[in-house]
Structure formats: C-alpha cells, structure tokens
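Shown here is one chain on its own, the form predicted alone, set out as structure tokens.
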C-alpha cells in the first residue's frame, strides 16, 4: 500500500549528542558567529545585501520569524534582526532548489524517513507538483490544471463543510482577507489556524476579562515601566529581539521577575551584539528574581502572591488601586473573598516555589504601580490555559496596571502575522458584526454556523467527514498534537493541498491525492499586472505596517499568496460577486475592501505607506474595557491539581535554540548546552536516581490518556535544572505523546505543556 512505510514522526537516527554546561549569557559574539554561519551556508553575497540590511526596516520587508514589534522611531542601520531572524531569512533566501528532478530522484517514503532538519534543508520549491493516487513520486502539474483539480474536488463535496482551510501565521493581511473571503463565499467557516495551537487561550481569556483578545502595551511602555513579569516564556530563543527591549527597560530602572520551570539563558544575562561596551564587557543582568515554578504551577504561585498582597493591603493599605477597581472593574468582592480558601504553605508546595521567594516577589509587586506581564505558550498550552491568563489579569487589575502608560498585558506571539490573520477574519467562530459587514460590502451571504477549529478539524478528518484539506502555509502535521492520529486523519482525505515555500513533512503524509502550490516568500519581489506590490502585517502590539520584498523570486513559476487565492476562487466559484482578477492585480484594492469591512483600517492605503505603519484601536490600552459588563472583570479560577502516580511525570514540549516552530535550523540547543541532537528528555537529577536510571541513558516515553497509549521511543536522559516530577522534550519529536482530546477549556488549545508520561528502558539503547 502507498503509505505503509511512511514516517509521520521524525525518524530515529544515529545521534552523537554532546552535553556541555548551559550558557550564562545570551547573544553577544556567539550569536553573531551563528548568524553568519547559517547565512553563509544558504545565501550568496547579493542576497545578503538585499535582505539583512532591509529586514524590519521601514521601507523593507517584515522578518518571517516572530511577531515582536520594531521600534516606532529609530531602526538600526547595522541590522534590525536577531540570530534566529537571520536563520529564518537564510532558510527562505537559500540558493538550494527543490525541482521536479528532485522528486523524480526521491519518492515520498524515502523523504519521510529523512529528519525534519534534512527535509527542510532541501531548498525552495520551484513549481506546482501533484502526487497522484497510488503514486510514490510527485510530478509537475500546470497552475491551471492544479486549480481545476482542486476546484473539482471542492465542488464534488456534498457540502462546503466537507472541506477544511488551514492558515499559517506568516500569511499577509491581504492574502488572509482574500482567503477568508473565498472560503466564506464557498460556504464554510472551517478555518482552523495556528492561533488555535498557541495563543487561543490568551484571546479567550483577554476577551472575557478586558474586552480584546490582544495585548494592551506598546514597545515604548517597556521603557517607562516599574516591573516586568515574564512568565511561561523563553524570549532568548523564541523572541530574541525582546531581549533588547528588556535591556533598555533595565537601564531605565525597571525590575524583572522571571517565572518558568527552566532557567533560560536569555533571561539571565544579555550582550547586545551591536554594543561595543556589551561585547567587551559582561553585558546586562536581566532577571532580578527567578521563581522556578513546577509545570502548571502558575495559578498556585499567583494565588500565593495575591494572598500576600491582600494581607499587606489589609495591614497597611495603599497596595491596591481601589479607585481603579471601583471605577473600572467588576467581580472584585467575589474574587478577593475566594483567596480565603487557600493556605499559603499549601500553595507554595503546589507551585514548588519557596515561600520566602514568593514573599520577595510580592514585595516587588507591592512597590510597583506600572507592571507589564509577558507570557507565551508556557501559560496557554494547558487544560487550564484560559484560567492561567485570567489569574495574571487579576493581578494587574488589583494594581490598576492596565490602561495606563508603562503597564498592561503582553502575550508575545510567535508567527509574524498570526495576530493579523485573526484581525482579517481567519477564525472558525466569526462574530456577527464582522459577518454582517462582510455581507453588506461583498454582496453575498456568508455562512453563520461555527466551523472546525484545529482539534475539531483533525477529528472530522479522522471520522471521514472531511474530503479536502487545504493549508495556506505551515506544517500542519508536525505542528499539531497526536502525530500518528493526525497523520491517519490526513490520509483519509481525498485531496490535501499545501501552499508552501519549502518542503516539510506535511507534503509527505497526504490524502489520496496531494498538490503542492509554491508561493513567493516574504523576502521576494511581488510583481503583478499593475506593477510591483507590497503586503502588510500586524505585529504583537497591534501595529499594521508594510512589507516589501527585495529579492528576485526563487523561480519564475512562483505565484503570490493573493494570486493563488484569487485563481483558486475563479476556478471554484460559479457566481462570485467578487472581482478576483482585479484584486490579485492590485493589492490596494484588497486593502480598500479590508477598510470597508474591518474597523480600524480607515485610510488604509495611505496610512500603511507611512513609515512604521499605524496602530489599530485597542480599548484595553485606553482603559475602555469592551466586555459583557462594560468593565474589566475579575475572575475566580480553580487551583489545578495533579494526581501523578509514582512513576509519572508532567512533560512539556519546548523548542531548541536552533528551531522556530517546526522549522529546524540546526541540531544545537546552544543555550541549554545540548549539541548535535534532539531526542533528549530533560530530567531532575533526583528523579533520574529515584527511577533507577543514569544520566545519559536511553529511555522510551509513553503517555496514557483516556486509556489510549501513545509511545515515543529512544530519548537520551539529560540531567537538568528542572523541578522534580517535571520533564521537558522537544517538539515535534514528542508531539506524538500529546493527546488530541487533551486541550484547554474554552480555547481548545492542545495541552502540549501538560502531558503525563512514564519512562521505560529503551529497547534500542544507543544506536550503533
């Protein structure tokens, strides 16, 4: 059978893993050397000049990496990017090519048994390809035939709801708006996206508590704040440019509390690569207080801090902002009364942080008025992910630390335009006002029933309720939970389609027929019939700005994402009210349509051309809380409990430093001291001894959820500074252990940071 030997998970390979001491300083000369090494291997000199000096500049292109904002005013002429940004650019601007000859040479079974690193390093996709039913090799297909094949499958569905349209967070505003318009004209809201798997918990929690599912701070707030709390986030690896902002905040007098199960180098000390003083000296110590919390112990920790603050308020007053609480919030009495249900010593034991350190944190918070809280997936990817963020909001509301300069919420997004995609309407549960406006402006009746989110889409495919899966970017298979289950789901589809720049595992584990549509990258020029185009994106802080590529396309056969959507729409929709050809020819017309449909985009075409772009409206930033009560809402959140068996551990999946989401740049996690391999499990030394293993031994991992056993073989034990009963592994290697039916309440975000696992001696031991 076609897929009998296909490898859905990263294969087990011979790895000569080296373990050295974790680094104590982030960035500096090692980051410069690493950046140059990656660039040198992938790009030529001309590409370097065209990209590295224009990335994140006001007239340049937006980095295809993370969504950390650029300064509103000065941009460094030496380079407004970080080490991992350079890696992302090198990946996209590589001189390597995946042509039809490549697919003639390698069949999909062979390719699926390559590592993710090797697959990704193959090069840029150059022309449309089709994998026909029963075949082992992709072969070329014309764009026209590709669109007609997809359109035929879509129109053969018994209902539009038998199709799913996924979106990656790198998709531009223009492409995302066209995409959702096409999908809704086609007749479904089945639009899962990468938000479902990362910050959906943030969006739900913030919408319910402060009225907007986005952060409330600007970059400039970091430079005037009193205190920054970084919780469940590793900016040194995942958002390295944030370290510059933290350094500037420290120099302005801010204090930093870091809360995380692992001590991460990026929050210990930072050397700015563009500072001679930093490079020659010791750099800047960032964290003033590190609270090493157990995995999913965050609510217990915050409740303990809140109890101490409440005791101080009762004894001394002047700790809480009662004017703000009275004027701008609801639910204070119920919330404050709920704190009496908890004992400080029990909360300390639950979270794993000594009571003395919790008191120290409470003192720092009590002495601060302007507080910023930053978080990422360390908070969101739990069954109680929504409650985690709500508890963070409780703390800010008590202090009146939202809606004022230098204070507020800061969920730090991953993909460079994941926030913009949601703003553009990429959502399986669209709001009525948006649909009403879409209907009025675009002259069609959009579907009103909710569609599938990511988890629901996987289950629907597995239950044969979906015939066509279409992905606008991303690596759906490797990004999602329960890899084997998801692979089986995709293989039940009649057709799977991937719009991509580079090869990944999702191109190899497919439906009966599969099509690859290669698109322009963020770094490349986009010429349409009306002339050269630019796109726009929205960063983590709600700034919409332009992005204009500077490189020639990797192949003459590439199309832009807006052009792909428009041509697919023209092939699929019989009586469309939209002039797709005109929209694809001139992106100003797309932006005019966005302006007419989505609030906050007035004079879009003019303002997006202004240096630095413009801010979208943000009620929470202005102290205008557009919730169901008309005010910011306190919440009462239960304390998570974990009934671990003697041989069980709570596992969280993490990224290595040579990685961005599912893209593997290299095999070194330099900051953590893990080199030349990825199949490792970080364990507390006491747990290793108690379990009867030795540091460096190989074990197999197993999870058992709802009586379904999932296995991941051959991981090397690495003794690490992590709380007892907690372990950490890299994704996507460990995604196979994450149950598809274990997800956050309300948000459906997979609980990739809260998986119970057991260990067994590896049947393979060390590979010869």
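Positions refer to the first chain, counted from 1. Since the model is a prediction, treat every value here as computed from it, not as a measurement.
Not on display, but discussed next: the form predicted together with a small molecule.
Stretch-level contact analysis of 256 to 264, 581 to 589, 145 to 153, 400 to 408 against the small molecule in the predicted bound form, using heavy atoms and a 4.5 Å limit, identifies 256 to 264. By the criterion of a heavy atom within 4.5 Å, residue 231 is counted among the residues contacting the small molecule in the predicted bound form. Contact annotation for residue 473: at least one heavy atom lies within 4.5 Å of the small molecule in the predicted bound form. Contact check for residue 197: a non-hydrogen atom falls within 4.5 Å of the small molecule in the predicted bound form. Contact check for residue 561: a non-hydrogen atom falls within 4.5 Å of the small molecule in the predicted bound form. A heavy atom within 4.5 Å of the small molecule in the predicted bound form is found for exactly one of 237, 539, 453, 394: 237. This chain lacks the partner; the member of 271, 655, 467, 241 within 4.5 angstroms of the small molecule in the predicted bound form by a non-hydrogen atom is 655.
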